[in-house]
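In what follows, one protein chain appears twice in different forms, each by itself as C-alpha cells: structure 1 and structure 2.
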Structure 1
Amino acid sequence: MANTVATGAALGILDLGLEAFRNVIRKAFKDKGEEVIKDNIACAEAGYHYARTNCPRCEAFGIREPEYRRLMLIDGVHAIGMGAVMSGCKFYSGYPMTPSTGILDYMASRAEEYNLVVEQAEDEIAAINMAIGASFAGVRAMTGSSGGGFALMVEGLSLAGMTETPIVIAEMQRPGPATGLPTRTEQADLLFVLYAAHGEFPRVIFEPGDPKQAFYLTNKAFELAEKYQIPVFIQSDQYLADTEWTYEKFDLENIIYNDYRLREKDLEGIEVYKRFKYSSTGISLLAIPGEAGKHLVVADSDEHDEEGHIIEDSETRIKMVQKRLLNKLPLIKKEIEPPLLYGDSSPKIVLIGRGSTYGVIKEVVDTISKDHKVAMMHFSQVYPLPERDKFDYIELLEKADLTICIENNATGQFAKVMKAETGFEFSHKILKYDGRPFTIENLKEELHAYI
C-alpha cells in the first residue's frame, strides 16, 4: 500500500482532491474485496492529509482541469499504434520485446473495435513472415521488435525486398549488444537497420522526435510502403516509446490513404498481367492473389522475370535490379521532407539531432539562444537523406562555426551516414551511451565546453 500512500500525498501537494483516486482504487481492487478497497482508500487519505498538514512549504498549485478543453496524453508507442490503425493497417504480428511490446499491446486492444488481426508469433522470424504473407494476400501489414528481435527478421526483410511486398517495421531501439539493457534507451541501431539484409533494395527510415511526429510518420510509412512496394521503418527508442506528451489533438485531415492494390474490376482491359512488369518508375501493378479475375499473381524469392518466374540470365537480372532499386530511389528521395530548423535562421552554432533527442535539444536552444546565434537541425525523415532543393541544409551547416551532432550512441552513427552520403563532417559530436537519455543540464554543460 506504499504506492497508495505516495499517490495520496502527491495529490495533496497538488491540491487535486481524492475523489477521482477513490474511484480508481475501487475499480482496480474490485476483485479483491471490500476490505482491501477500504484499506487502500484509508491509506490514500492518510497520505493526502499528511502532505496537506506537514508540508507548509509545498505550494498548492491548484491545477484543476479546465472545463472548456480536454487534453490528450500519449506516449510514443501508442502514437505509432494509433498511426497504424488510422492508416488502414489490418494485420500486426510481433513477439514481445521491450520497448516494442507497447505497440503489440495497443494493436491487440483495438483489434475487435477496428477489425484487426493481431498475432503474437512464436518468434520474430515468424512475425515478419506472417506480416509479409498478410501484405501479399491483400491487406496493410506491420510488424515490430527491438534490435535483438529485428536481427532475426533480416532474412524476411530481404524477402520483402525481392518480392516488392509493402511492409512497415517498427524497430524500437534499446542498448545492445545481445540483451543489453532491456529497460534502457539508446540510438545505436541506425547503421544496422540501414544495411541489414543481403542484396540491394530500397528502404526508408523515419525517426520521430515526439509522439505527434510518430503518429504522422507512421501514416507516411504506410503510404510510401504501399506506393513504392518497399519496406519502411519507424525507428525509435525506449525514451520516446515511454515518454508521455500532451496535445490538444491530432489533425486527422492530414492523414493520407491511397489504395494501391488492384482487384478484378481494376484489371479490366488488361490482357496480360505481369506482377513485376518493367516500368520507368520501377513500380508495377500490385494485384491481390485470388481477386485478380482471370489473371495469375506469381511471386518468387529467387530472381525472376516480369511474370514472377525464376530466371538465371544476366540480362533480366540487370533489368530487375534497375527496376527495383535504381528507378525507384530518385522518386522516393523526392518524398523525403527536409530537416526542421529551429532557432536562429543564420546560426553560427548548429545542434544536429535525430529522433528522440528533439525535445531536449529544442529546450537547450531556447535557453542559450539569447547569448549565441544558435539553432537546432532535427532529422525525423532520416533515410534516404532529403534532397537539397527545398532547403540546402548542407550549405547552412558549412556556413556555421560549430556543428555539433548529438546522439545516444558511442560512434556517432548519424554523423557517419551524413559524411558517407553528403561528404559533410560535423565539427564536434556529443555522444551518450550509458542507457540514459540526455538531460538539459548535462547537455548544456557539454555544449558550453565547446562554445
Structure 2
Amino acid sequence: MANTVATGAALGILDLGLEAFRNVIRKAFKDKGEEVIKDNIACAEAGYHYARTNCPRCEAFGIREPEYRRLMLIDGVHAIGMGAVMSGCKFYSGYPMTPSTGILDYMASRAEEYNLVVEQAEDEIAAINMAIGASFAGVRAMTGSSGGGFALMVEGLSLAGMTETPIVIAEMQRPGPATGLPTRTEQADLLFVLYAAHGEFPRVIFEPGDPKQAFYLTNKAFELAEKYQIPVFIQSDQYLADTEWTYEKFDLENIIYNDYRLREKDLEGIEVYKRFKYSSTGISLLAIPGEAGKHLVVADSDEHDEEGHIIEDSETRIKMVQKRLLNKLPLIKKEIEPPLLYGDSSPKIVLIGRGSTYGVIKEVVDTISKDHKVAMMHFSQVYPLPERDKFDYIELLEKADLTICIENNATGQFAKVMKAETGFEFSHKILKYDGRPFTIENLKEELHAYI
C-alpha cells in the first residue's frame, strides 16, 4: 500500500489526475476482491491529495495528462509466444536460458487453455530433438534458447535439415562468448546462426524490429518452416525480448495458416508413399505417421533414398542434395520481403539496421531529417537476403553518399553478410558492444563523426 500512496503522490506532483491509476488498481487487484481495491484507491487518493496540497507542481518533464486510449502492451517474448500459439504451434520444448525463458514461460502458461504440450527438457540437445520428434510425428513444434544453449542444439539443427522436418527456433541473443553478460543485450550471433551446423541445407532467419514484427514474423516462420520443411529462426535479443511496446492493435486477419500435413484422405490414389519423393520444387508430401492409413513414414539422418532408407551411392546423394537444397532455395528466396525504407525516398544518408535497432534508428532519422536527406533501411527478414525485384535496395544504397550500418556487435556481422551475398559494402559502421542497446543520444553522437 505504500507503493500505492507513493504513486498517488507522484501523480499529484505531476498534476496528472487519478482516473487511469484507479483503473490500474482495479485491474491489478481484480482477484483480491472489492475490499482491497477500495483500500488501495483510498491510499492513492490520500497520496495524491497530500501532494497537491503540500508540494509545488512539478514542471520538469513537461508531462501533461494524456488522452486515454485502449492500447496493447506487449514485449518481444510474449509477441513471439503469441505468434506461435496463433500459428497453431502445439509443442514447445526448451531449457531455461535468459533471455529466451520468457517464451517457455508464456507457452507453459497457455498450455492448458490452448491444449499445448510444453516440456522443460533436460538440456538443449534434448529440447531440439524433442521439437523435431514432435514435428515428425505431425504437430507444429518450436524450441528456443540463447546463444549458449543454441550451440548445444546445432547437431539437431542439422538433423532437421537432413530429415526435412519443419521446426521454428527462437534464438534470443545475449552478449557472449561463453556465459558473457547473461542479462544484457547484443546482436553478435547472426553469423553463428547463419552458419551453424555441418552440411548444407536451407534455412531462414528473421530478426524482428519490434514486438509487432516479432508476432507476424513468428507466424511467417511457421508458414515457411511447414511449407518448405526447413528450420526457420526467429532471432532476437535481450533488448527486444524484454521491451514493452504499445500498439493500437495487431491485425489478426493477416495471420497465415495452411496445413501442409497430410492425412489418410489427402493421400488417396497414392500407391506407395515416399516421404522424400523427388520433385521440381524440392518439396515432398509430408504425411503424419499413423494418421496416413497404411502408408509408412520413414526419415533418416543418414543420406537416404526417396523412401527414407539409408543409402551410399553418389547418384542418389546428388539427387537428394538437389531436392532438399538447390530446388528449394530459389523458391524460399522469393518469399522474403524487402527491407523497410523509412524517411527520405532518395536519401543521401542511409542508416542500415536489423532486428532490435529498429526503434532507435527510426527516432534518430526523425530527429535529423529536417537537416539531412536521410532514411533508415531496416532488415527484419535477414536471411536469405531479399531479391531486388520488388525494391532494388542495392541500387538505392549505391546512390547514397553515406551508408552506415548500425549493429550491436564488435565486427559488423550484417555488413559481412551483405558484402558476401550482394557484393555491396557499407561506407561506414557504427558498432556497440558494451552489452547495452543504443540510445538516441549515443547514436546521434556517433553519427556526428560522419554528418
Partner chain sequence: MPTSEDYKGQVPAWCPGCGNFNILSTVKEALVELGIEPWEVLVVSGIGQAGKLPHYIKCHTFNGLHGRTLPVATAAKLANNSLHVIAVAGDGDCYGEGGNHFLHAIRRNPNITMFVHNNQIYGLTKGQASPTTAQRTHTKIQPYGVLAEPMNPLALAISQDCSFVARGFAGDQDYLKELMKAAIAHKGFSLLDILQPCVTFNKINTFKWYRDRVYKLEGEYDPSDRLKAFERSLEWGDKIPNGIFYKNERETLEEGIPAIQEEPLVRQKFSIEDVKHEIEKFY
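The term rigid core refers to the most C-alpha atoms you can superpose between the two forms while keeping them within 1.5 Å. Given the structure is predicted, the values throughout are model-derived calculations rather than measurements. Throughout, residue numbering runs from 1 along the sequence of structure 1.
Here the chain appears twice, and structure 1 is the form predicted on its own. With a cut-off of 2 Å and the rigid core superposed, F21 has a Cα displacement that reaches or exceeds the cut-off between structure 1 and structure 2.
Core-superposed comparison between structure 1 and structure 2: CA of P437 displaced by less than 2 Å. At A6, the distance the Cα travels between structure 1 and structure 2 is 5.7 Å after the core is superposed. For E45, the Cα deviation between structure 1 and structure 2 after core superposition amounts to 8.1 Å.
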